[in-house]
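Below are two forms of the same protein chain, given as structure tokens: structure 1, then structure 2.
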Structure 1
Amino acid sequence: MNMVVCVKQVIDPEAPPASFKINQSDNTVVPPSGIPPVLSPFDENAIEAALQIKDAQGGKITAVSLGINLLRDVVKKPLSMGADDLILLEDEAFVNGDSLSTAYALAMAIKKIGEYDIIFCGRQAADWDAGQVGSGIAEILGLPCVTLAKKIDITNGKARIERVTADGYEVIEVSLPALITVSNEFGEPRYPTIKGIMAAKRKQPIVWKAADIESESSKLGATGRRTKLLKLFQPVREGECEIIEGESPEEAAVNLALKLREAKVI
């Protein structure tokens, strides 16, 4: 089974909300100081999904990441978890795109990788939260796509996928090759082992520039954008919290109930 997993380096989405700052002059997010970036958590779920298939029936996993200034410690995580190869699309020409131009570059890179049975993506990147790149790659490569997977079984060249829905899940069968996006319901990704970390340290990622993949430059990065970002801003929170006190926790609880009743909240 040949598998490709797309992973993205993002600002830590679980950093304290107070550390989140925007540079209004150019509509960008200021990376919080002292908090290193991470792989988008859903992408780690996607690596886990690929690793489980590899564990069960063997295969090869290639991780692909697009961006610039990629921290090797961050983007090598798939290798330390057990992936075989890492390809970085690290070129100014690829960045500042929107979902479509990003999907296009990834799709062209995957075409160059050549053989694949399953392409995995996380359900959405934890920075822009769009959740479009997986569908975009599938559309460009002409593949079927199943989104929001929480369980995947492979039998006889087909994948049987449990897809998360609003009040449960549906079981979908899809022929391979296919693209699958993975949700956190899939379960915790494994921790890298010491052995894995050592192996990842020795392994050099393969870096591809725009000239290394067959692509039309007008469709890449910022030039390929269809959407224009007019404004990035932090919503203002109004109002103040009234803290209800008491001599003891129990008394504070009673006072809260009385207050809510008095204010006709309950």
Structure 2
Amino acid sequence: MNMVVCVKQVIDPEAPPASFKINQSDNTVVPPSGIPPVLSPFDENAIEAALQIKDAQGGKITAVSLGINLLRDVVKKPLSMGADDLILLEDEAFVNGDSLSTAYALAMAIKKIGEYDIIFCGRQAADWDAGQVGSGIAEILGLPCVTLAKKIDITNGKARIERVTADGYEVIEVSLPALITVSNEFGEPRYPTIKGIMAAKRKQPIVWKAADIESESSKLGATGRRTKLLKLFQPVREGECEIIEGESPEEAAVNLALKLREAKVI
């Protein structure tokens, strides 16, 4: 079973909101000072899904990540968890892309890898939360795509997938090869072992430039964008607090009820 997992380095979603800054001149996020990036948590769920299949049936897992200035300690996490290889798409040509141009670059890299039974992605990236890249890769490669998987069973060249829905889940069976996006309902990803961390430190990733994946430059990065970001801003949350008093707890309760009725809450 040959599996490819797409992963992304993101700003730590657990960073304090006050640490985020917006560069209004070019609509970009300024990375918070002193807070290192992390692997997108949803992508860790995707790695775990691949690892469980490898544990049960054997096979090979290749992690692929796109970006520039990728921190090796961050993007090597799939290796420390148990992935076999890591391919980094590092080139200025990939900068400032949108979901489509990112999906195109990843699809071309996966096509270069060649043999694969399943491509895994997280349900969405933990920074932009668009959830479009996985489906885009499947479309470009002409593969069936199942999103929001919470459970995956592989039997006789087919994947039986429990897919999260608004009111529960549905069961879908798809022939391989296919692309599956994995939801956080899949379960907690495993922690890297000391042995895995040491092995990951010794293993060097494969680095591909735009020319290495035989891509069309007009479809990469900012040149390949099909969306325009009009405004990026931090939402302002304001609230008002009114203390309801009374001579006794009972009177305060009555005053509160009257206030809530006045506000048409009850």
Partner chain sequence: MADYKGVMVYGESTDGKLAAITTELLGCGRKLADDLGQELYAVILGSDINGLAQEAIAFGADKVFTVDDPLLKDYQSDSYTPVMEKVVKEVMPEIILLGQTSLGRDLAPRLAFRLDTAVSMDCIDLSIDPESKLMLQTRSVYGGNAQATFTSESSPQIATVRAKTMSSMERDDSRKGEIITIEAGLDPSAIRTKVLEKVIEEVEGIKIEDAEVVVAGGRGIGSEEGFKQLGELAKILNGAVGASRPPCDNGWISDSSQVGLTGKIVSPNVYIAVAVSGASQHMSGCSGSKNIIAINRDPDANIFKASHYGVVGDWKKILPAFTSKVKELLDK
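Only residues modelled in both forms are compared. Residue positions are counted from 1 along structure 1's sequence. In this text the structure is predicted, and so the values were computed from the model without any measurement. What we label the rigid core is the largest C-alpha set whose atoms superpose within 1.5 Å from one form to the other.
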Chain form predicted alone: structure number out of two
2
One rigid part pivots relative to another between the two structures; at which of Glu214, Asp129, Arg237, Ser217 is the hinge?
Arg237
Give me the smaller rigid part's rotation between the two structures, in whole degrees, relative to the larger part.
37
Rigid core superposed: how many angstrom does the CA of Ile243 shift between the two structures?
7.3
Residue ranges moving between the two structures (criterion: at least three consecutive CA positions shifted 2 angstroms or more, core aligned):
238 to 266
